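Given next, in structure tokens, is a single chain: the form predicted alone.
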Amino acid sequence: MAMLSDRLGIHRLPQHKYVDAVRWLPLLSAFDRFAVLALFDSDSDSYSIQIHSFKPNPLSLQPQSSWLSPSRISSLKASQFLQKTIIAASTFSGSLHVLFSDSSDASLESEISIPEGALHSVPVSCIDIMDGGGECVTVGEDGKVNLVSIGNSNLNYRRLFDSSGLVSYTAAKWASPVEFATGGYGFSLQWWDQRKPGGPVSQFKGDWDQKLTSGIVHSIDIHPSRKHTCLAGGSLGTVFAWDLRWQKQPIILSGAGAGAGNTAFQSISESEVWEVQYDRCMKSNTSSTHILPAMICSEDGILAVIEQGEEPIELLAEPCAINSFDIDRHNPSDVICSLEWESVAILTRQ
């Protein structure tokens, strides 16, 4: 498989705590860049969210502000709303917390929350904040799908759907102000439209290969220019796309079934794909039927770029899991990722 090591700057920054998730904060100034980390300190059994200032020369992350969480963070997202930076975090105890950050120095100003048990009776599997909007979707393995409206000083929520445990949801991603996708067991995907209440308006079941019926979707991404295509990553190194225009057959990009008429290239990973994002740094075929390049991270320590019909490009191969990453939206050549063994890695692509 292809390597980019000669055009890649890699910096590993020890944190001395487990790093459960990382996100770049929205860029508010050309001179100030920040990242947010979800941390677990096993020595003190404490959980926190920290905002770090990113300095490129010499490259470093400097803690700026911190907030203690009542439970370990299960999902972390950042966005802009009401001219502020907001950080949303869900926990394994089922609570949801929204932090408001000052735009100038990334200090944490306030926090509003929904306590455990209100949204989900189990850990919150995934949350996603609508781009530039004040709405957050939450999903859990209890089969509940909730919509949370974010205000200046309060959170209002409503239950959009409850499968009563018949379907478990493990991933979610907004596609538009009224549409979002969810994923779950059996490599299933669901498409929701708030204009059509009562349940998902379209569903995909991962039964193209009987071996995959126990697979789980861990992450979903939807490109703003191709809302009709849902990108998913999950068990057995599987990365696939679901095109709403041709719904019955997935487009396999990596993992189980990758050689079945889709591509002759080997799969980049055989373990859990924890996160998948479209890679805006990579140039690609502009055909509307061609899946845009994607970046993935995995349990077996792989960070890579995969593209339909191309050989995968390995960016990192670590001796521990890479459990999350984020591509800087304003500087897509910069990637931050969390290494299970108490480190953050920052990659700068030339």
Partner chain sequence: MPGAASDTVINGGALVPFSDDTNHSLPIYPLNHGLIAPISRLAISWSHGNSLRVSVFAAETSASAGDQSCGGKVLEVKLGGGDPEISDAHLRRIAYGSVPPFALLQSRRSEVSALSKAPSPYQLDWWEHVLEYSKEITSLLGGPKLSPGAIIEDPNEIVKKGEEPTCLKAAWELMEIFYADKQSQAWLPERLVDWLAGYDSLFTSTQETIHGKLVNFQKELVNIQVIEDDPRYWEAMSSALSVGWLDIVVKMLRLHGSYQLDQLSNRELENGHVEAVAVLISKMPRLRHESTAGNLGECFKSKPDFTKAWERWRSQITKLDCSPYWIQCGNHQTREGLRNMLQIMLGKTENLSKATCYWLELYISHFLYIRPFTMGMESMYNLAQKCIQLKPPISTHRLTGLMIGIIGENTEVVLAECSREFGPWMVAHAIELLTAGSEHAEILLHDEHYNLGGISIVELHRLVYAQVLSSHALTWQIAPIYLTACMKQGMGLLENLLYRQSVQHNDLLLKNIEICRLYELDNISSNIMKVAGVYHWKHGRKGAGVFWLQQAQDATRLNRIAQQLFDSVGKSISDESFKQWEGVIELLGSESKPAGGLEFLHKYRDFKKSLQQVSGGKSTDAARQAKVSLILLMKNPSTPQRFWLPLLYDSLKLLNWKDCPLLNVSETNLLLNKLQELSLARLRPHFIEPTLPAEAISSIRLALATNLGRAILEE
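What you see is a predicted model, and the numbers here were worked out from it, not measured in a lab. Residue numbers count along the first chain shown, from 1.
What comes next is about the form predicted together with the partner chain, which is not displayed.
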{"property": "Stretch from 304-312, 289-297, 51-59, 320-328 whose residues place a heavy atom within 4.5 Å of the partner chain in the predicted complex", "result": "320-328"}
{"property": "Interface membership of Ser104, the partner chain in the predicted complex, 4.5 Å heavy atom rule", "result": "no"}
{"property": "4.5 angstroms heavy atom contact with the partner chain in the predicted complex for Trp24", "result": "no"}
{"property": "4.5 Å heavy atom contact, Trp67 to the partner chain in the predicted complex", "result": "no"}
{"property": "Contact of Tyr157 with the partner chain in the predicted complex (heavy atom, 4.5 Å)", "result": "no"}
{"property": "Residue (of Thr229, Gln277, Ser267, Ser168) lying close to the partner chain in the predicted complex, criterion heavy atoms within 4.5 Å", "result": "Ser168"}
{"property": "Heavy atom within 4.5 Å of the partner chain in the predicted complex - residue from Asp128, Asp142, Glu116, Asp221", "result": "Asp142"}
{"property": "Non-hydrogen atom within 4.5 Å of the partner chain in the predicted complex for each of Asp32, Pro177 and Arg195", "result": "no"}
{"property": "Interface residues of 173-197 toward the partner chain, as seen in the predicted complex [heavy atoms, 4.5 Å]", "result": "Tyr185, Gly186"}
